[in-house]
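Here you get one chain, nothing else, as structure tokens; it is the form predicted alone.
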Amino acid sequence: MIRIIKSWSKRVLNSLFGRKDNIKLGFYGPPNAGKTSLANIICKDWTGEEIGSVSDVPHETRSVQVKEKVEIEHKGKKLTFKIADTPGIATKIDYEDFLKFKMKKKAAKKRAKEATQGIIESIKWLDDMDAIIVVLDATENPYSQVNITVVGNIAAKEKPVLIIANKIDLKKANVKTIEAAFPEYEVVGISAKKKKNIDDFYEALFRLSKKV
């Protein structure tokens, strides 16, 4: 009986103060935008282990990768997250695209099939997420069909969203263009490769958690 009362009290307190245990945080976006690179920084910082491998070849992540109970501390506050790094969303996957990276035809076809299955898995996982980090390449056109599809699917689920404009270390990067494309969401410019503005990301992440 005491255990039941304690459990009930905890749920009530969480609802009153906007705190939730183990927030399910999904990383979404197009291939090669830097989702896994950013997720790796977080997991390495707070668990000592990375969540997945990265590559210049598109669709390196072809299944949802999960890291449980990642406790993040920022300015004296702590939150626990369940991080899900999802495969890159694409509107079209052609095995011939992988041949450009000197992959053999059989391997390219296998990768294309797995990438397609990964996209389906990503969409299914969306329902289970409490909040979403959308990682976009700040050097690319934010109005692309893929980006509109990704953000549109998430908006339809009414999930709290934070948009990350990655690769600001590159000359072509333009964070303002992404802000203009998605004015309804907070946008934070970072470089996962150079670990630039990561503190700004954590600041925004804690703001995002208040919407969960």
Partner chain sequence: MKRKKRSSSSSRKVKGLGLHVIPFSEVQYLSITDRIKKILKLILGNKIVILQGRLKVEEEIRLIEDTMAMVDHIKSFRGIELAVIEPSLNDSGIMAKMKQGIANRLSGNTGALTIIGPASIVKEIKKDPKKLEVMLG
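Numbering follows the first chain given and starts at 1. The structure presented is a predicted model; accordingly, all values stated were derived computationally and were not measured.
The protein also exists as the form predicted together with its partner chain; that form is not presented, and the subsequent description refers to it.
Of the residues 92, 106, 102, 74, just one reaches its partner chain in the predicted complex with a heavy atom at 4.5 Å or closer; this is 92. Against its partner chain in the predicted complex, the set 197, 204 and 209 makes no contact: no member has a heavy atom within 4.5 Å.
Among heavy atoms of residue 149, some come within 4.5 Å of its partner chain in the predicted complex. Looking at residue 78, you'd find every heavy atom of it more than 4.5 angstroms from its partner chain in the predicted complex. In the predicted complex, its partner chain sits beyond 4.5 Å of every heavy atom of residue 174. In the predicted complex, residue 139 stays away from its partner chain, with no heavy atom inside 4.5 Å.
Of the stretches 45 to 53, 164 to 172, 149 to 157, 31 to 39, only 149 to 157 has residues with a heavy atom within 4.5 Å of its partner chain in the predicted complex. Using a 4.5 Å cut-off on any heavy atom, the residues of 108 to 143 that reach its partner chain in the predicted complex are, in sequence order, 113, 116, 117, 119, 120, 123, 124, 141, 143.
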